[in-house]
Structures are given as C-alpha cells and as structure tokens.
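Next up: just one chain, as structure tokens, the form predicted on its own.
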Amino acid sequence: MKQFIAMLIAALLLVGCTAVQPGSTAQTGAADSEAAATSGEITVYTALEDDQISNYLPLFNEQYPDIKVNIVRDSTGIITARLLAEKDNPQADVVWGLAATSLLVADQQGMLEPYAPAGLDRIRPEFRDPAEPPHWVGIDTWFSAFCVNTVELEAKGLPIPTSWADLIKPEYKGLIAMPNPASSGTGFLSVSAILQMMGEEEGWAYLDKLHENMAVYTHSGSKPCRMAGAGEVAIGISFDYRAIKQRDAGEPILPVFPAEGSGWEIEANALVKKETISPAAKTFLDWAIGEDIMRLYAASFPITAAVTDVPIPEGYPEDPVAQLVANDFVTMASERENILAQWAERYDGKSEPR
C-alpha cells in the first residue's frame, strides 16, 4: 500500500489543480455542509455500472427521500464527451464515479466547482485533488481483468490466457472482445497501461497484433465480459468488478488478472460549476464519500478512498495493489486525445456500431 500511495501522490500532485487564491468566490469548504439541503432535485452524471447504481442509490434515497436524483448513466467516454460538450450550458449538477482523468480534463476547462465534502478528512490524500478545497474526490479504483469463458476454451481445446502476452497468440484469433478506448474508460486504461508498460513503439506494435485477434471493440467496458459470459466470444478484456460479478452469478467466467499487471483508474466525484449551484448537490457529494456508502464500494472493489473494515472481495489477487501497473496520470490526461486519435486510425474498423 505504501508503494501505491507514493505512486498516486507523485502522479496526482503533478496534475493537481492550482490552489484557489484567497478571496476567490470558489473557496467552497466542508462548512457549507451545515447548510446542505434535505430537499430539491439534482441531475447526476455517472459512469458507474447499472447494477452498482441500483445497489448504491437506495441508500441515499432512504436518507434523503425529499431529494429527487435524476441519473444520467453511460460509459466513461460518452459521459465525458457529454459533460465537455455542455461546457457553456451545464446540465449536470454532480459527477459521481467518473474517471479522475476525465475530471482533470473538465477541470482544465474550468468546469468544476471546488468543494470539500463533509468527511473529507477520512479520504486518503492520494485519492483526492490536492487543491484546497479539492476540485474532485475519489471513491475507489477499478482495473483491467480478462473475463475468460472456460467452457468455450475447453471446447476449443485452448489454454486459459494468463497474460497480455498470451492474448496475441494466433490460437486466440477472432475470440476476443475489448472496449473501444474512446467510449470506455476501461478500454482507455487498458490501452494506456500497455503503452506505459511497453513504451510507445513496442506498445503500438503489441496493439497491432492484438487487433489481429480481435472480434470486436465494444462501446462499453462491461460488454466484453457480458459477451464472454454469453459465449459470443471466449475472452473479454474488461474490468475487475464485472468479471467477479458474473462469476458469482454462476456464469462460466474465470476472472484473470494479467501477469504483467493491470491498468487502473480512480472513480471520482465532483461538483459541476453552474450559475446556480443546488445545495442538494452538496448533500449528495457529502453522502457519496460517507462511511455507509464507502462500505458498499468496498464490497465491490478492494481499494477504496477511505479505509473500511470490509474484507477484500473473494476472487481478487491476495495483494490487489501489487496487481496495478505504475500509472502516469500525467500521460493519461495530457496524451488522451492523441492516443485516441491514433487508436481510431488504426483499429476503429472493428468497432461495433454506435
């Protein structure tokens, strides 16, 4: 955990927002929570999974029955694009569970309102923007995993892949699905991890070979795993939660965490800058890092922004931190558009229709 903390602090301090100057109207702090609303209506943009939302949101509704929450949910790339497109006329009040790198892009365009939610002192410093008050606050991490249909591979007489290197072997040609990194945060973190682990030249050469084995690129991070569970492909490059969730549901899915390591990201929250900011939005952000919801996050993900007593979910590596590749958030944020442009030029022909 110490190594993980050091990696995160070093990366996030480099891309952290400039601290708000004294006297700025943007100096919103946790003291504002005292005036947080218990009624109202807000719009929340999120890239959390549908089954996560249906598990998490009832907790808020029970505590704040008079606040109506309108959820707008889609994959990371689509939510990010929508948020940025609405820069001059923001529709969302809150962003909940979006990739921190997406929030960094939004913040660079002045779209986030600084806010220190109640309970911020419980959040490990490596999981939040270092500015005071922070422009975003993380909740957990998610990372690359392969969803392997053991029945399909056994029927084909093929071994279970255990590494990124295995996926480019010719025997897996046409048997793999992966998320399009422009649409999916899971796709982007996997592509970014490959480029960072291997270097740009070797990384793109690897992705060329992986493309030869690819059946389809999806516009959802969870869809490759769903396809693998249904037998539409044998291997889905997806993420940890989805792989374990489908295995636990009785599908013939083996979660595989690649031997070289997994790409990863922070799911984070933020207050959207608007002419009129709803106090109910601050209430939501206070709740979204609270002890009760953090325990629910921890039931799905082994690394959370606040320490809980929830054990690591079954099926994860014994040391999930050791599974994570060294991740340069500077590269991920600053090179995102360049990486996506190159990826689309090379591989978009196998993407499913939008």
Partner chain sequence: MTTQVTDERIITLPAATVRPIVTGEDWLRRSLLLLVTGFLLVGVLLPLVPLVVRSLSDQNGQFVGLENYVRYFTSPGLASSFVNSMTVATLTTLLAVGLAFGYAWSITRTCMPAKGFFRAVALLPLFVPPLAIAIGLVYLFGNKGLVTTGFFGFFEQTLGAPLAFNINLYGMNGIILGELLYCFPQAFLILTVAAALADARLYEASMALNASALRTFWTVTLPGMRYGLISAIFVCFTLAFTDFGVPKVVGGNFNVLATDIYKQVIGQQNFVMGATISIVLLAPTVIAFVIDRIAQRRQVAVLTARSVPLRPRPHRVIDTLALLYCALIAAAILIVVGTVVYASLVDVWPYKLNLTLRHFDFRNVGGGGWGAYINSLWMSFYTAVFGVIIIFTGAYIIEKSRTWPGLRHFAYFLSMVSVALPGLVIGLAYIFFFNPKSWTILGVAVPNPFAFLYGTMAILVLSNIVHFYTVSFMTGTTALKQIDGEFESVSASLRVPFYRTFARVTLPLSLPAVAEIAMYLFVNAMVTVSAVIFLYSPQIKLASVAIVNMDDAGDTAAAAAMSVLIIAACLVVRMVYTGIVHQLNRRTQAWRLP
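Note that this is a predicted model, so its numbers are computed, not measured. Rigid core (definition): largest C-alpha set, two forms, superposition within 1.5 Å. Residue numbers count along the first chain shown, from 1.
FYI, the form predicted together with its partner chain isn't displayed, but the following is about it.
Contact check for H219: a non-hydrogen atom falls within 4.5 Å of its partner chain in the model of the complex. Although the partner is absent here, A259 sits far enough away that none of its heavy atoms falls within 4.5 Å of its partner chain in the model of the complex. Interface membership of V72, defined by any non-hydrogen atom within 4.5 Å of its partner chain in the model of the complex, is confirmed. In the model of the complex, its partner chain sits within 4.5 Å of a heavy atom belonging to A182. Each of E41, M227 and G231 places at least one heavy atom within 4.5 Å of its partner chain in the model of the complex. In summary, the region of this chain contacting its partner chain in the model of the complex, judged by heavy atoms within 4.5 Å and restricted to 261 to 269, 237 to 245, 138 to 146, 120 to 128, corresponds to 237 to 245. Residue in contact with its partner chain in the model of the complex (any heavy atom within 4.5 Å), chosen from G97, G187, G77, P134: G77.
When you look in the model of the complex, the only residue of A165, M197, V151, I160 with a non-hydrogen atom within 4.5 Å of its partner chain is V151.
Residues are counted as partner-facing when one of their heavy atoms sits within 4.5 Å of its partner chain in the model of the complex; in 254 to 280 only E275 qualifies.
When the rigid core is held fixed, the Cα atom of S144 travels less than 2 angstroms between the shown form and the other one. Relative to the superposed rigid core, the position of the CA of L254 differs between the shown form and the other one by less than 2 Å.
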